[in-house]
Ligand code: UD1
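Read the single chain below, which is given as structure tokens and is the form predicted on its own.
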Amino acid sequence: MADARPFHWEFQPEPVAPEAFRIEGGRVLEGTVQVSGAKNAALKLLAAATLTGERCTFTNVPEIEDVRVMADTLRDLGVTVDHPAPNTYEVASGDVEWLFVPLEAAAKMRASFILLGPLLSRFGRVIISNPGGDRIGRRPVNLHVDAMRALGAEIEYRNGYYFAKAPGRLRGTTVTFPFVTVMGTENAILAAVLADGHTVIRPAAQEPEVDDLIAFLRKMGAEIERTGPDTIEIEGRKRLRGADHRVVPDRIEAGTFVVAAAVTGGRVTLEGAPCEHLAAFVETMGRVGVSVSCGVDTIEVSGADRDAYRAVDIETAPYPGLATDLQSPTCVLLTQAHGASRVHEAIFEDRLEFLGELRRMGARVDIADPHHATIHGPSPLHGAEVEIGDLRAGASMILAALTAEGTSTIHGAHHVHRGYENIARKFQELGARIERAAEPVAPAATA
């Protein structure tokens, strides 16, 4: 039988096959760049759409690999996901019968685990694989599972899968996390909005993407409020309605382009930029000596005085602190600052590993332990052949290659397409010399 679902415009994603970037450095970046929608908001919003059978429409959705994987995962569940235009998705979750999120989806994208809360709350059961994602340290999902159990779910773990069911409706309760967890907070929210009774979540993550999710849920009819900086309260509803929503701009992409301008001595204007979500990062840039000017929805950056950049100490923290996702771009900038900068990565224990690749380009870096490093500058960087293993390290190595003298080849560049929309084209439009090249594929073994 022919597929009866309506026609949808087919987004052609950037290739996910192994890929490399070749970059000729030493060019000053100048011009204007449009900031895309936030990866970390879009994925959770698509998951939230499963809380209702009515159609939800999202605009400003980034055209990235992780969004494509989430859309395909939802389609595999029986959810109707249409893509009628660039950056627009429509989702309708009727009577979903196939409540199974397989290993293939989880291995590609850790955010697939965000489907636990909404599917369990609305349909009363789900089987979901242990998630994958970037290898930047332990990111256990036991906090998500404990939150579901607190809400009344019964969950067993067998053979790499969580078998979850909710006898009747989930029940409102107090969900107390031992420390701040962003996706744990979001999963608890998505479960509690259809639970029976009142739920209090603390300490609740304060990231702008969490508040964007809350704003969308309110449009759906959810009764949810942030009653304190780290407290969210929810009165469960029996059903929610469809809604339209524009995804908040991506503060991590914005920060990446701020560093790109700063480290190349360029002048770049970011449009659609969420400066109000980047206070700690902008303050750090100011301490280094980067000129950053914020407008209503623009950020203007000048690296004209990069010879006077100063070393600073940085420490990552949950929002409103310095985002861990912006630590690695900031480290690239600190290689060009005068003096010794101390870096404390307080969130993930493997996120400083990329500094080893930065050394191959001439950076002077001392790594004391998985959470602490010292960067000595200024260090003239040179082109090199480097390897990356995760999304944010990939974007940061692009920044290093842009400021280096000579040509760099960055292997594993396909990781970057998980979270950055058209990153090569955006850099090209600012004057960068960057091209993409397929990695050679090893021949299949023969008997």
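Residues carry their position along the shown sequence, with the first being 1. Nothing here was measured: the structure is a model prediction, and the numbers come from that model.
Just so you know, the form predicted together with this ligand exists too; it's not on screen, but the next bit is about it.
- The candidate site formed by L143, V182 and I347 is fully in contact with this ligand in the predicted bound form, as each residue has a non-hydrogen atom within 4.5 angstroms of it.
- Contact with this ligand in the predicted bound form, defined as any heavy atom within 4.5 Å, is confined among 296-304, 104-112, 332-340, 239-247 to 104-112.
- Of the residues D82, E207, E233, E357, just one reaches this ligand in the predicted bound form with a heavy atom at 4.5 Å or closer; this is E207.
- The contact with this ligand in the predicted bound form, taken as any heavy atom within 4.5 Å, belongs to T324 out of T284, N87, T324, T173.
- The closest heavy atom approach of R351 to this ligand in the predicted bound form falls within 4.5 Å.
- Among residues of the shown chain, H417 is not one whose heavy atoms approach this ligand to within 4.5 Å in the predicted bound form.
- Proximity of N40 to this ligand in the predicted bound form falls within the 4.5 Å heavy atom cutoff.
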